[in-house]
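Next comes just one chain, in structure tokens: the form predicted alone.
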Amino acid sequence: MRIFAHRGASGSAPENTLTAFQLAVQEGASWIETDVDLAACGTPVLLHDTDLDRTSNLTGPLYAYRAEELAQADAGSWFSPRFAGQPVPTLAQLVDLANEQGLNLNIELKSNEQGAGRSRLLLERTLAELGRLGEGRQVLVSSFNHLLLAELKVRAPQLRVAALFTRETFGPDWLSVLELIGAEAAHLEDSGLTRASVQALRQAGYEVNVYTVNSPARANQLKNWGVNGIFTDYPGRMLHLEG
């Protein structure tokens, strides 16, 4: 089973920071999951929320700040004073780390709220950065925005993509959705997940990865169900289940 470090080792360090990614590496993770959206200047940066209030000392939407301003932000103190001064990183910085450390990446494209033009720019800039990954690096691109994934697949058919579903959005039409996207995987919410759903997806030929799993016992159960991977805030706890 594959272990994805969810926003890095986000149970032990502030999510989506270089420190969280580096800690995941120290714990033995080979896969990093992160969220990508555009700063005001068009630079792909790593942030889960559209607003900066929860995870930094800045307020308001990401779209109001340039990458240079985000590099001066404090995205660590909210988690613990010892992480004060952590910046909001760029995708370029994560790609550099992946090349240095031999990491694989799950890039979750956020559903950009600024319209089609900026959404397409998000695709373009993200693809440009991923193109710098060294030989042997694996990439999986996921999103809750299935239209965005379908357009990505047209632009970069060589990339593997995963449709993200919540418990509520995973409906009887899942096969149609996955086929229309051209997806290779489905990423499902752990809450309410059934063995029957996992088996149906696997029998249809799809990879199944589940978020967010922090209990080793639950992770082992999912492995027995045939799940291919889990997203966890504590990768060090789960790596014994890999393979």
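In this text the structure is predicted, and so the values were computed from the model without any measurement. Throughout, we count residues from 1 along the sequence that is shown.
Below, we turn to the form predicted in complex with SN-glycerol-3-phosphate (G3P), even though it does not appear here.
Although the partner is absent here, Arg202 lies well away from SN-glycerol-3-phosphate (G3P) in the predicted complex, with no heavy atom inside 4.5 Å. The closest non-hydrogen atom of Phe170 lies beyond 4.5 Å of SN-glycerol-3-phosphate (G3P) in the predicted complex.
For Phe144, a non-hydrogen atom is located within 4.5 Å of SN-glycerol-3-phosphate (G3P) in the predicted complex, even though that partner is not displayed. SN-glycerol-3-phosphate (G3P) in the predicted complex comes within 4.5 Å of no heavy atom belonging to Tyr206.
Checked against SN-glycerol-3-phosphate (G3P) in the predicted complex, the residues Leu94, Leu140, Leu164, Leu149 give one hit for a heavy atom within 4.5 Å, which is Leu164. When you look in the predicted complex, the only residue of Asp35, Glu27, Glu184, Asp190 with a non-hydrogen atom within 4.5 Å of SN-glycerol-3-phosphate (G3P) is Asp35. Residues of just one listed stretch (170 to 178, 60 to 68, 27 to 35, 193 to 201) have heavy atoms within 4.5 Å of SN-glycerol-3-phosphate (G3P) in the predicted complex: 27 to 35. Counting a residue when any of its non-hydrogen atoms is within 4.5 Å of SN-glycerol-3-phosphate (G3P) in the predicted complex, the hits in 74 to 113 run Asn106, Glu108, Lys110.
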